[in-house]
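Next up is one chain by itself, shown in C-alpha coordinates, the form predicted alone.
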(Lines give C-alpha, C1' and ligand atoms only; values in the text may rest on other atoms or scores of the structure.)
Protein backbone atom coordinates (compact mmCIF):
# COMPACT_ATOMS: atom_id res chain seq x y z
CA UNK A 1 0.00 0.00 0.00
CA UNK A 2 1.41 3.35 -0.99
CA UNK A 3 1.84 6.02 1.68
CA UNK A 4 -0.83 8.68 1.14
CA UNK A 5 -0.63 12.37 1.96
CA UNK A 6 -2.21 15.71 1.08
CA UNK A 7 0.12 18.50 -0.08
CA UNK A 8 -1.17 22.06 -0.35
CA UNK A 9 -0.15 23.52 -3.71
CA UNK A 10 1.45 26.47 -1.95
CA UNK A 11 3.98 24.06 -0.45
CA UNK A 12 4.97 22.31 -3.69
CA UNK A 13 7.75 24.75 -4.63
CA UNK A 14 9.36 24.46 -1.18
CA UNK A 15 9.25 20.66 -1.35
CA UNK A 16 10.85 20.60 -4.81
CA UNK A 17 13.46 23.12 -3.72
CA UNK A 18 14.52 20.85 -0.86
CA UNK A 19 14.88 17.96 -3.29
CA UNK A 20 16.97 20.13 -5.59
CA UNK A 21 19.37 20.77 -2.72
CA UNK A 22 20.33 17.08 -2.84
CA UNK A 23 19.59 16.06 -6.43
CA UNK A 24 19.36 17.58 -9.87
CA UNK A 25 15.74 18.58 -10.48
CA UNK A 26 14.34 17.86 -13.95
CA UNK A 27 10.89 19.20 -14.87
CA UNK A 28 8.84 20.51 -17.83
CA UNK A 29 10.06 23.97 -18.88
CA UNK A 30 9.02 26.19 -21.74
CA UNK A 31 11.64 26.50 -24.48
CA UNK A 32 10.45 28.94 -27.13
CA UNK A 33 7.24 27.33 -28.47
CA UNK A 34 7.89 23.90 -26.95
CA UNK A 35 7.71 22.36 -23.49
CA UNK A 36 10.59 19.98 -22.71
CA UNK A 37 12.14 18.27 -19.70
CA UNK A 38 15.19 20.24 -18.57
CA UNK A 39 17.26 20.89 -15.48
CA UNK A 40 15.47 23.45 -13.30
CA UNK A 41 17.17 26.60 -12.06
CA UNK A 42 14.06 28.59 -11.15
CA UNK A 43 11.25 26.63 -9.55
CA UNK A 44 8.56 29.08 -10.64
CA UNK A 45 9.35 28.36 -14.32
CA UNK A 46 8.11 24.76 -14.08
CA UNK A 47 5.10 24.24 -16.36
CA UNK A 48 2.36 22.48 -14.41
CA UNK A 49 -0.36 22.47 -17.07
CA UNK A 50 1.65 20.96 -19.93
CA UNK A 51 0.08 18.44 -22.34
CA UNK A 52 0.51 14.71 -21.89
CA UNK A 53 2.44 14.59 -25.16
CA UNK A 54 5.54 16.36 -23.84
CA UNK A 55 8.79 14.51 -24.68
CA UNK A 56 9.39 11.23 -22.90
CA UNK A 57 11.69 11.35 -19.85
CA UNK A 58 13.36 8.20 -21.21
CA UNK A 59 16.32 10.33 -22.28
CA UNK A 60 17.41 10.69 -18.64
CA UNK A 61 17.88 6.92 -18.40
CA UNK A 62 19.01 6.19 -21.96
CA UNK A 63 20.35 9.47 -23.37
CA UNK A 64 20.19 10.08 -27.09
CA UNK A 65 23.96 10.60 -27.02
CA UNK A 66 25.78 8.74 -24.22
CA UNK A 67 29.56 8.50 -23.72
CA UNK A 68 30.39 5.07 -22.31
CA UNK A 69 34.17 4.71 -22.11
CA UNK A 70 37.25 6.83 -22.62
CA UNK A 71 40.69 5.38 -23.36
CA UNK A 72 43.87 7.36 -22.77
CA UNK A 73 46.71 5.55 -21.02
CA UNK A 74 43.94 3.63 -19.26
CA UNK A 75 40.24 2.89 -19.76
CA UNK A 76 37.87 5.21 -17.88
CA UNK A 77 34.28 4.16 -17.24
CA UNK A 78 31.96 7.11 -17.94
CA UNK A 79 28.73 5.78 -16.45
CA UNK A 80 26.61 8.49 -14.85
CA UNK A 81 25.90 8.14 -11.12
CA UNK A 82 24.35 11.58 -10.67
CA UNK A 83 21.25 11.76 -8.49
CA UNK A 84 18.13 13.19 -10.15
CA UNK A 85 14.45 13.73 -9.50
CA UNK A 86 12.22 14.03 -12.57
CA UNK A 87 8.99 15.91 -11.85
CA UNK A 88 5.86 16.07 -14.01
CA UNK A 89 6.08 12.65 -15.69
CA UNK A 90 2.85 11.06 -16.98
CA UNK A 91 1.51 7.66 -15.92
CA UNK A 92 2.06 6.14 -19.36
CA UNK A 93 5.77 6.98 -19.15
CA UNK A 94 6.05 5.34 -15.74
CA UNK A 95 4.47 2.24 -17.29
CA UNK A 96 7.04 2.44 -20.08
CA UNK A 97 9.89 2.65 -17.57
CA UNK A 98 8.71 -0.56 -15.95
CA UNK A 99 9.13 -2.36 -19.30
CA UNK A 100 12.48 -0.66 -19.92
CA UNK A 101 13.61 -2.02 -16.56
CA UNK A 102 12.84 -5.55 -17.73
CA UNK A 103 14.62 -4.97 -21.02
CA UNK A 104 17.79 -3.47 -19.57
CA UNK A 105 18.00 -5.18 -16.17
CA UNK A 106 16.61 -8.72 -16.55
CA UNK A 107 19.31 -11.25 -17.35
CA UNK A 108 22.32 -9.27 -18.56
CA UNK A 109 22.21 -5.90 -16.84
CA UNK A 110 23.10 -2.78 -18.76
CA UNK A 111 25.42 -1.01 -16.27
CA UNK A 112 24.81 2.46 -17.73
CA UNK A 113 21.04 2.18 -17.52
CA UNK A 114 21.28 0.57 -14.09
CA UNK A 115 23.40 3.42 -12.69
CA UNK A 116 20.97 6.07 -13.90
CA UNK A 117 17.87 4.13 -12.90
CA UNK A 118 18.84 3.55 -9.28
CA UNK A 119 19.75 7.22 -8.85
CA UNK A 120 16.58 8.69 -10.40
CA UNK A 121 13.32 9.39 -8.59
CA UNK A 122 10.21 10.02 -10.70
CA UNK A 123 7.25 12.15 -9.61
CA UNK A 124 4.30 11.51 -11.92
CA UNK A 125 1.11 13.53 -12.27
CA UNK A 126 -2.22 11.89 -13.08
CA UNK A 127 -3.75 13.22 -16.31
CA UNK A 128 -6.91 15.08 -15.37
CA UNK A 129 -7.47 15.95 -19.04
CA UNK A 130 -5.91 13.45 -21.49
CA UNK A 131 -4.83 14.61 -24.94
CA UNK A 132 -7.02 13.72 -27.91
CA UNK A 133 -4.28 11.36 -29.17
CA UNK A 134 -3.96 9.41 -25.89
CA UNK A 135 -5.25 5.83 -25.63
CA UNK A 136 -3.46 4.57 -22.51
CA UNK A 137 -6.79 3.72 -20.88
CA UNK A 138 -7.22 0.75 -23.22
CA UNK A 139 -3.82 -0.63 -22.24
CA UNK A 140 -4.03 -0.15 -18.50
CA UNK A 141 -1.00 2.15 -18.56
CA UNK A 142 -2.78 5.34 -17.46
CA UNK A 143 -4.17 7.89 -16.81
CA UNK A 144 -3.33 6.84 -13.23
CA UNK A 145 -1.53 3.84 -11.77
CA UNK A 146 -2.24 1.53 -8.86
CA UNK A 147 1.40 0.45 -8.47
CA UNK A 148 4.88 0.71 -9.97
CA UNK A 149 5.42 4.44 -9.37
CA UNK A 150 7.71 6.36 -7.03
CA UNK A 151 5.51 9.36 -6.24
CA UNK A 152 2.14 9.90 -7.91
CA UNK A 153 0.24 13.18 -7.62
CA UNK A 154 -3.47 13.78 -8.19
CA UNK A 155 -4.36 17.41 -8.86
CA UNK A 156 -7.39 18.12 -6.65
CA UNK A 157 -7.56 21.84 -7.42
CA UNK A 158 -6.05 23.58 -4.40
CA UNK A 159 -4.02 20.55 -3.26
CA UNK A 160 -2.31 17.39 -4.41
CA UNK A 161 -3.22 13.88 -3.32
CA UNK A 162 0.22 12.31 -2.90
CA UNK A 163 0.88 8.58 -3.15
CA UNK A 164 4.32 7.20 -2.30
CA UNK A 165 5.02 3.84 -3.89
CA UNK A 166 8.73 3.24 -3.31
CA UNK A 167 11.09 3.26 -0.34
CA UNK A 168 12.89 6.36 -1.58
CA UNK A 169 9.56 8.11 -2.14
CA UNK A 170 8.38 7.38 1.38
CA UNK A 171 11.61 8.89 2.69
CA UNK A 172 10.93 12.17 0.93
CA UNK A 173 7.33 12.28 2.07
CA UNK A 174 8.15 11.39 5.66
CA UNK A 175 11.03 13.84 5.89
CA UNK A 176 8.74 16.71 4.91
CA UNK A 177 5.57 15.45 6.54
CA UNK A 178 5.29 18.83 8.29
CA UNK A 179 4.24 20.21 4.89
CA UNK A 180 1.51 17.59 4.50
CA UNK A 181 -1.42 16.00 6.25
CA UNK A 182 -3.08 12.64 6.03
CA UNK A 183 -6.05 12.47 3.61
CA UNK A 184 -9.60 12.52 4.92
CA UNK A 185 -12.85 11.24 3.48
CA UNK A 186 -13.37 14.31 1.27
CA UNK A 187 -9.87 13.91 -0.20
CA UNK A 188 -10.50 10.28 -1.14
CA UNK A 189 -13.80 11.26 -2.71
CA UNK A 190 -12.14 14.00 -4.77
CA UNK A 191 -9.40 11.59 -5.85
CA UNK A 192 -12.04 9.13 -7.05
CA UNK A 193 -13.84 11.92 -8.93
CA UNK A 194 -10.60 12.79 -10.74
CA UNK A 195 -10.19 9.18 -11.82
CA UNK A 196 -13.75 8.91 -13.11
CA UNK A 197 -13.60 12.26 -14.90
CA UNK A 198 -10.30 11.51 -16.59
CA UNK A 199 -11.42 8.09 -17.77
CA UNK A 200 -14.58 9.55 -19.28
CA UNK A 201 -12.64 12.07 -21.39
CA UNK A 202 -10.75 9.58 -23.56
CA UNK A 203 -11.72 9.79 -27.22
CA UNK A 204 -9.64 6.80 -28.32
CA UNK A 205 -10.20 3.32 -26.94
CA UNK A 206 -7.99 0.89 -28.81
CA UNK A 207 -7.35 -2.80 -28.21
CA UNK A 208 -3.86 -3.97 -29.07
CA UNK A 209 -4.91 -7.54 -28.25
CA UNK A 210 -6.97 -7.52 -31.42
CA UNK A 211 -4.00 -6.34 -33.49
CA UNK A 212 -1.79 -8.94 -31.84
CA UNK A 213 -4.25 -11.66 -32.82
CA UNK A 214 -4.48 -10.40 -36.41
CA UNK A 215 -0.71 -10.56 -36.79
CA UNK A 216 -0.14 -13.87 -35.00
CA UNK A 217 -2.87 -15.54 -37.08
CA UNK A 218 -1.45 -14.07 -40.29
CA UNK A 219 -4.70 -12.35 -41.25
CA UNK A 220 -3.10 -9.28 -42.81
CA UNK A 221 -2.18 -9.30 -46.48
CA UNK A 222 1.07 -8.07 -47.97
CA UNK A 223 -1.06 -5.44 -49.68
CA UNK A 224 -1.99 -4.03 -46.28
CA UNK A 225 1.64 -3.79 -45.20
CA UNK A 226 2.66 -2.36 -48.57
CA UNK A 227 0.09 0.38 -48.11
CA UNK A 228 1.52 1.22 -44.69
CA UNK A 229 5.07 1.12 -46.06
CA UNK A 230 4.34 3.50 -48.92
CA UNK A 231 3.31 6.15 -46.42
CA UNK A 232 6.55 5.87 -44.43
CA UNK A 233 9.09 8.67 -44.93
CA UNK A 234 11.76 6.79 -42.95
CA UNK A 235 12.23 9.92 -40.86
CA UNK A 236 12.58 7.96 -37.60
CA UNK A 237 10.28 10.37 -35.78
CA UNK A 238 8.05 7.67 -34.32
CA UNK A 239 10.92 5.77 -32.74
CA UNK A 240 12.65 8.84 -31.36
CA UNK A 241 9.53 10.01 -29.50
CA UNK A 242 8.49 6.52 -28.40
CA UNK A 243 9.17 5.88 -24.70
CA UNK A 244 9.74 2.18 -25.43
CA UNK A 245 12.04 2.04 -28.45
CA UNK A 246 15.45 0.74 -27.36
CA UNK A 247 17.54 0.47 -30.55
CA UNK A 248 20.97 2.10 -30.43
CA UNK A 249 24.33 1.91 -32.16
CA UNK A 250 27.84 2.19 -30.74
CA UNK A 251 30.85 3.84 -32.32
CA UNK A 252 34.35 4.91 -31.33
CA UNK A 253 35.56 8.45 -31.87
CA UNK A 254 39.32 9.08 -31.89
CA UNK A 255 41.04 12.29 -30.78
CA UNK A 256 44.76 13.14 -30.55
CA UNK A 257 45.42 11.41 -27.25
CA UNK A 258 42.28 9.47 -26.53
CA UNK A 259 39.44 7.40 -27.90
CA UNK A 260 35.84 7.72 -26.74
CA UNK A 261 33.17 5.05 -27.09
CA UNK A 262 29.67 6.44 -27.52
CA UNK A 263 26.21 5.00 -28.04
CA UNK A 264 23.42 6.90 -29.76
CA UNK A 265 19.79 6.19 -30.52
CA UNK A 266 19.17 4.31 -33.75
CA UNK A 267 16.14 2.67 -35.31
CA UNK A 268 15.28 -0.61 -36.99
CA UNK A 269 13.35 1.45 -39.57
CA UNK A 270 16.66 2.47 -41.14
CA UNK A 271 18.01 0.16 -43.82
CA UNK A 272 21.54 0.01 -42.46
CA UNK A 273 20.62 -0.82 -38.88
CA UNK A 274 21.10 -4.59 -39.30
CA UNK A 275 23.91 -4.37 -41.87
CA UNK A 276 26.14 -7.47 -41.71
CA UNK A 277 29.67 -8.19 -42.83
CA UNK A 278 30.00 -8.21 -46.61
CA UNK A 279 27.46 -5.35 -46.76
CA UNK A 280 24.56 -7.80 -46.42
CA UNK A 281 21.23 -6.14 -45.58
CA UNK A 282 18.73 -8.68 -44.14
CA UNK A 283 15.90 -6.11 -44.23
CA UNK A 284 16.78 -4.13 -47.33
CA UNK A 285 13.16 -3.98 -48.46
CA UNK A 286 11.29 -1.24 -46.64
CA UNK A 287 8.18 -3.40 -46.16
CA UNK A 288 10.22 -5.84 -44.08
CA UNK A 289 11.41 -3.06 -41.79
CA UNK A 290 7.90 -1.66 -41.44
CA UNK A 291 6.46 -5.05 -40.49
CA UNK A 292 9.35 -5.68 -38.14
CA UNK A 293 8.60 -2.55 -36.10
CA UNK A 294 4.93 -3.46 -35.61
CA UNK A 295 5.72 -7.13 -35.00
CA UNK A 296 8.30 -6.13 -32.42
CA UNK A 297 5.82 -3.91 -30.57
CA UNK A 298 2.83 -6.23 -30.73
CA UNK A 299 4.37 -9.73 -30.60
CA UNK A 300 7.97 -9.71 -29.38
CA UNK A 301 7.48 -7.34 -26.43
CA UNK A 302 4.54 -9.29 -24.94
CA UNK A 303 6.39 -12.59 -25.40
CA UNK A 304 9.65 -11.44 -23.82
CA UNK A 305 8.79 -8.55 -21.50
CA UNK A 306 5.19 -9.26 -20.57
CA UNK A 307 3.66 -6.14 -22.08
CA UNK A 308 3.08 -4.40 -25.40
CA UNK A 309 5.80 -2.17 -26.79
CA UNK A 310 3.30 0.67 -26.68
CA UNK A 311 1.76 2.49 -23.73
CA UNK A 312 -0.78 4.57 -25.65
CA UNK A 313 0.97 7.92 -25.16
CA UNK A 314 -0.01 9.04 -28.68
CA UNK A 315 3.31 10.75 -29.44
CA UNK A 316 3.79 8.87 -32.71
CA UNK A 317 0.33 10.07 -33.81
CA UNK A 318 1.48 13.65 -33.44
CA UNK A 319 4.91 13.08 -34.99
CA UNK A 320 4.27 10.81 -38.00
CA UNK A 321 3.81 12.84 -41.23
CA UNK A 322 2.56 9.75 -43.08
CA UNK A 323 -0.19 8.89 -40.59
CA UNK A 324 1.04 5.36 -40.00
CA UNK A 325 1.28 5.72 -36.24
CA UNK A 326 0.41 2.82 -33.96
CA UNK A 327 -3.19 3.87 -33.27
CA UNK A 328 -4.04 4.58 -36.91
CA UNK A 329 -2.54 1.34 -38.22
CA UNK A 330 -4.20 -0.78 -35.53
CA UNK A 331 -7.59 0.77 -36.30
CA UNK A 332 -7.10 0.08 -40.03
CA UNK A 333 -6.40 -3.57 -39.30
CA UNK A 334 -10.07 -4.10 -38.56
CA UNK A 335 -10.95 -3.24 -42.16
CA UNK A 336 -7.99 -4.93 -43.85
CA UNK A 337 -7.98 -8.70 -43.68
CA UNK A 338 -6.96 -11.39 -46.15
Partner chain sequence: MQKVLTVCPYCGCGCGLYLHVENGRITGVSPSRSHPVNTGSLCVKGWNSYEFVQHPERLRYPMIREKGILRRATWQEALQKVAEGINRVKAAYGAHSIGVLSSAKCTNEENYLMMKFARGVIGTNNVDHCARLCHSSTVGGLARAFGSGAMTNSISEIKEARVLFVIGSNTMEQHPMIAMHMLDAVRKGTTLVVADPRQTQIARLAHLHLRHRCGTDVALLLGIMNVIVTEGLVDKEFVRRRTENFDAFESLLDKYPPSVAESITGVRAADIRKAARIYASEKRSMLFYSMGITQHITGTDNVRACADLVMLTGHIGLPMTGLNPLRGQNNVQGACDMGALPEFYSGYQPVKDPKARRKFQRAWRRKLPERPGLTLMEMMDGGVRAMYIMGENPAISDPDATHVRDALKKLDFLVVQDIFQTETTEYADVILPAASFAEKDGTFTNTERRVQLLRKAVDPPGEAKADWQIICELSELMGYPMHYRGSYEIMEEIALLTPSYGGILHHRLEEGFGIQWPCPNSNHPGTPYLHRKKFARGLGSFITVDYIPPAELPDEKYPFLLTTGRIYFHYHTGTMTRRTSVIEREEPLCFVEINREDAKRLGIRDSFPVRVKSRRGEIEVSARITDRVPEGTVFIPFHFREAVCNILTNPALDPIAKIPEFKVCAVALEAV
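Predicted model, so just to flag it, every value in this text is computed and none were measured. Numbering follows the first chain given and starts at 1.
One more form of this protein, predicted together with the partner chain, exists but is not displayed; see below.
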**OP:** Have a look at 119-127, 157-165, 263-271, 189-197 and name the one stretch with heavy atoms inside 4.5 Å of the partner chain in the predicted bound form.
**Re:** 263-271
Original post:
Is the gap between residue 323 and the partner chain in the predicted bound form 4.5 Å or less for some heavy atom pair?
Top reply: yes
Original post:
With a 4.5 Å heavy atom cut-off, would you call residue 84 a contact of the partner chain in the predicted bound form?
Top reply: yes
Original post:
Can any non-hydrogen atom of residue 54 be found within 4.5 angstroms of the partner chain in the predicted bound form?
Top reply: yes
Original post:
Any of the heavy atoms of residue 36 lying within 4.5 Å of the partner chain in the predicted bound form?
Top reply: yes
Original post:
Is the partner chain close enough to 65, 234 and 241 in the predicted bound form that each of the three has a heavy atom within 4.5 Å of it?
Top reply: yes
Original post:
What are the residues of 240-261, in order along the chain, with a heavy atom within 4.5 Å of the partner chain in the predicted bound form?
Top reply: 240, 241, 249, 251, 253, 254, 255, 260
Subject >> Cα distance between residue 54 and residue 290, which in the predicted bound form differs by 3 Å or more from this form, closer or farther >> reply: closer
**OP:** Answer with closer or farther for the CA-CA spacing of residue 54 and residue 153 in the predicted bound form compared to the shown form; it moves by 3 Å or more.
**Re:** farther
